[in-house]
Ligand code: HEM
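Shown below, as structure tokens, is a lone chain in the form predicted alone; questions about how it binds or moves come after it.
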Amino acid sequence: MKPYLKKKSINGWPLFWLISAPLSTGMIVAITKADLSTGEGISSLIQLSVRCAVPLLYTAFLASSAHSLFSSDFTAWILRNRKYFGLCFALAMAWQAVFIIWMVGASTNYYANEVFVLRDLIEGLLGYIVLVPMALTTFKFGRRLITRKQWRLLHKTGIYYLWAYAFSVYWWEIFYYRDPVFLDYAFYWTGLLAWGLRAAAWTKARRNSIGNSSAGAPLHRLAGPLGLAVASIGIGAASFGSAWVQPSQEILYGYALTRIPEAFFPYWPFEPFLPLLVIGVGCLLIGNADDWKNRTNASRV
């Protein structure tokens, strides 16, 4: 695949146009076919733009991790073109912004009565607040305005926030609303896989940085299997959210102290991410097992 993947036509800006041209053409065709006199018609355009955007977001999100874990010509191609996948995602979200503004202006009553939720509005606005500077700082003129450390912080924080927004939307669709379609499942599991690749790449990097040792205390020998067990529990919880979402609602909601975050704080109280926290603890145990082992061996010496 290497000679093919190095062709100019599928790298850099040609790849951007290869993706963005049919994407925008599809949006224009959808506009001509939608019933723009109704809120439902405009809402269908918003949904279409999101469905075009999410795969591009996930591709940019998993690029470096996939290449770290499965180094190949294909993963190198994805990593090399991560910037352009991200810009295509930004374009799709620009279409979404156009349709949202269109709905607010043309179908205000529908938006106010059927769509508007304050916390959802805050989450969406924050997404655009991070997306716009991320897009601008992919270019040289924008990158010169901030330091390298600020650039890394912006892009790492931003990509996690945008991934979390998409992932949480589809978590709610399949585990709470009870009327999911095939794409809801596909985008949820793909989003979970993308995060899982990041977690696995971190664990691999952590173990490589610590190094391996042949001896260790019993605690250290158990750390790896314990980490795998904890991560497996998290994967099970992420797979069967419908089994615990209702009890969690009763535990996590309804307190006087949580009324403000429930109304304003993005993702609160983080139900979609609780299984990921458990998986993260498992990865932490696995990733640090050798560190604990080496420290014990050093103390013995």
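Note that this is a predicted model, so its numbers are computed, not measured. Just count from 1 along the sequence shown to find any residue number.
Absent from the display: the form predicted in complex with the named molecule. The rest refers to it.
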property	result
Contact assignment for the named molecule in the predicted complex, among Leu226, Leu153, Val98, Val115, heavy atom within 4.5 Å	Val115
In the predicted complex, the one of Met103, Leu197, Met134, Val230 near the named molecule [non-hydrogen atom within 4.5 angstroms]	Met103
Contact flag, Leu125 vs the named molecule in the predicted complex, heavy atom cut 4.5 Å	yes
In the predicted complex, Leu276 touching the named molecule (heavy atom, 4.5 Å)	no
4.5 Å heavy atom contact, Ala60 and the named molecule in the predicted complex	no
Contact of Ala76 with the named molecule in the predicted complex (heavy atom, 4.5 Å)	no
Candidate stretches 188-196, 201-209, 135-143, 107-115 - the one whose heavy atoms come within 4.5 Å of the named molecule in the predicted complex	107-115
4.5 Å heavy atom contact with the named molecule in the predicted complex for all of Met93, Leu121 and Tyr165	yes
Any residue of 32-54 that, in the predicted complex, places a heavy atom within 4.5 Å of the named molecule	Ser43, Ser44, Ile46, Gln47, Val50, Arg51, Val54
